[in-house]
Ligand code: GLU
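One chain comes next, on its own, written as structure tokens: the form predicted on its own.
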């Protein structure tokens, strides 16, 4: 019996799946704090603000009113209508109605369902559909795309370009097998943004390719950080471009801008006839997965989108102040090369100048992983190594500054002390 059980295995696609490095370091920091250690966390992409009271009250009132039953798979009419109005009026996405909107259990779930609705497993003897991914990129894009059957094609960006790919890079990467282009602006992990002109130029390349070699190419535009901008660059939704609107799926949610990470409210919006077909496909797939999100949370969606602008702006200003602080502090640490954050709440400095050195505790640094492991063990600071973000990320670490100025200063003091002790 023992030998028979020993041969049992879990699915290969899961066994070979890379765990989220951000979650791993966040959980390790929490565990160390539970053990009484004074660990400073900079790993989680989670605002430290509380959810605005009006949003909480809407959910409480909805719960007390008895909204505890099954709901339509992609959301109730009021929430979908509110999101459609937001996409139309704020993002200028054309022909986006409530029927073009789907609500899922967080932005990651929206991405997962979207990828599985747009990517096919290859037929025998046929090439895989390609997913074009500018890197460094959020750690979950590639694994989710690969689980859905896609082949990830990395397009490398660099600090010198502000972590932005060029139209020529995109043009060279597109082939007849290109199915998805994933864009994320403002960026996790880089903390930088594409300008409106940058995105229009990329959109024109998509339009050209769709008319020639890649007729099935679709853009997934992850705009979850759209309201957290402070570098003088205006947010622009590529789905607002009429020439490609029907081949853009915009992913967003309430987690970051409204400090609602634990609520798990993500959503997608699309345009035109294909947008309707895509959203119906999402309903079919999600109906076999999670169905609706928690029913009494829907009442909070219109409230968040229409009544909490002042709270969102207050948080944005705080993030702008924190960005300025961390940019200044990182600029004073020898061998740490940082590109100024202009959106989201991440710094992504290059620490490769310290590879090959040894820490006070005798640890040899050969990689970003080594750097973060030693920093956590010796100086009790949790940051995320950049290897899993792809491309030049292997030389970088990600620092989430979704925390107080005092927390940032303490963390930068410890990071400076760690670097000063390297030999």
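Just so you know, these numbers come straight off a predicted model, no measurement behind them. Positions refer to the first chain, counted from 1.
From this point on, the text means the form predicted together with the named molecule, which you will not see here.
With the named molecule left out of view, the stretch that reaches within 4.5 Å of it through heavy atoms in the model of the complex is, among 56-64, 351-359, 370-378, 41-49, 41-49. Taking the partner from the other structure, the named molecule in the model of the complex has no heavy atom within 4.5 Å of any heavy atom of residue 221. At the 4.5 Å threshold, heavy atoms of residue 112 stay clear of the named molecule in the model of the complex, well away from it. For the chain shown alone, residue 256 is a contact residue for the named molecule in the model of the complex, at least one non-hydrogen atom being within 4.5 angstroms. The named molecule is not shown here, but in the model of the complex it comes within 4.5 Å of a heavy atom of residue 23. Site annotation in the model of the complex: the residue of 87, 319, 138, 278 reaching within 4.5 Å of the named molecule with a heavy atom is 138. Proximity to the named molecule in the model of the complex, defined as a heavy atom within 4.5 Å, holds among 298, 225, 163, 236 only for 225.
In the model of the complex, the named molecule lies within 4.5 angstroms of a heavy atom of only one residue of 372-410, namely 398.
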